[in-house]
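The chain below stands alone and is given in structure tokens; this is the form predicted on its own.
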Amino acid sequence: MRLRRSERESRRALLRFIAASPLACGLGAALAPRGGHAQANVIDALDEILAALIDSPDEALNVFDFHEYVKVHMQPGHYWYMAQGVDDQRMLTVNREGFTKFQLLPRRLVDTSSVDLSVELFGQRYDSPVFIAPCGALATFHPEGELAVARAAATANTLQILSTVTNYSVEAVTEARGAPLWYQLYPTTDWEFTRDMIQRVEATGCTALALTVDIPARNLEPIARFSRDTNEECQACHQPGFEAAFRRKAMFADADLGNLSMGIRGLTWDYVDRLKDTTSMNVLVKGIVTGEDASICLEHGVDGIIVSNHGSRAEDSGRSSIECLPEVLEAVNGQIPVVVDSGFRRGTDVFKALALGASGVCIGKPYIWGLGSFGQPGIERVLEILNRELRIVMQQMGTVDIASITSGSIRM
């Protein structure tokens, strides 16, 4: 929902009214150190929040501007579903702080008047190494969901990885993208159903299948506190139970959900072998964070790896995704491509991953912020900002294309 300036002024007036009421006492007390007059502090704080909001994608100067927008406008339960990390949310900070452990080494007097951001993976050429990570149920954040994402990916000519729990079918999203997708796979307890899904995906032209292996179990406290099965606000669009939730997911629309569930607790590396025997698509494993598991991937003929802690939603390991990347790359030793996600917010973040040896970087929350704010134009602006920032840092580092970004540009 876009908030015009006139509407913003009306909302300020309403918030001033609220701030003058007893309801604001608790918030006013919390803000008292700012001045000493509780109600005035509430008004000032609310004014600061609203003044910082953008009115259009073009006004955004960085991806965080979209985050500020969705924090105010998104339904609270939907916001926390998107924003949360595992346990006490510490991994959200860990993922961001990990980038500070790698320093860049700028070079001078290099002709960088022309910079090429394009990359190639599995025979497909993309205009940028900034890819779109799989995120489920995107219609939660905008009615056009994955279709808006696909059209934005087409505009930027970048890779889109589609989630198993997409709101729109792989056929519809592929048509909107106008180019092959990658498909992220959550295994189900019904192999026949999973096999049929894989064959359906392959028939649309998808070139890669990314098996997600990082969440055998997890603890998501913030969303649990909404008590979705009994919360009246949540019940407006959610019905209790697995079947009700997954009936709305396009890839499960015709499935017999009575005896079907999702999860990887019982899986072993044999499942990777089964996938390799089932499909001619490239098979990647998503969620690898150690050199040991990267080596096992090679033993099982995996075609690529996505280093990921599920955007802080997997385990509270205390290790950022970018910190895990070097040992995975060392184990792989250039034999297969390695992509990385989780915590990427700036062009400098992307550059550091590329300098370590990553083949590409996936973003998740930033494009959801853009989607939730302004739909397709919001996503397009997020990608534009990250690519602009990446181009700037490449010029600062004296690197004219992605191939020239090496470990010589970074220090640990």
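Just count from 1 along the sequence shown to find any residue number. Everything numeric here is computed off the predicted structure, so don't read it as measured data.
This protein has a second form, the form predicted together with a small molecule, left out of what is shown; the following refers to that one.
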item: Of 139, 82, 275, 208, the one that lies within 4.5 Å of the small molecule in the predicted complex (heavy atoms); value: 82
item: Contacting member of 135, 284, 181, 322, with respect to the small molecule in the predicted complex [4.5 Å, heavy atom]; value: 135
item: Touches the small molecule in the predicted complex: residue 366 (any heavy atom, 4.5 Å); value: yes
item: The small molecule contact at residue 311 in the predicted complex, heavy atom, 4.5 Å; value: yes
item: Distance check, residue 194 to the small molecule in the predicted complex, heavy atom within 4.5 Å; value: no
item: Close approach of residue 331 to the small molecule in the predicted complex, 4.5 Å, heavy atom; value: no
item: Among 266-274, 122-130, 69-77, 161-169, the region lying within 4.5 Å of the small molecule in the predicted complex by heavy atom distance; value: 161-169
item: All of 186, 341 and 345 with a heavy atom within 4.5 Å of the small molecule in the predicted complex; value: yes
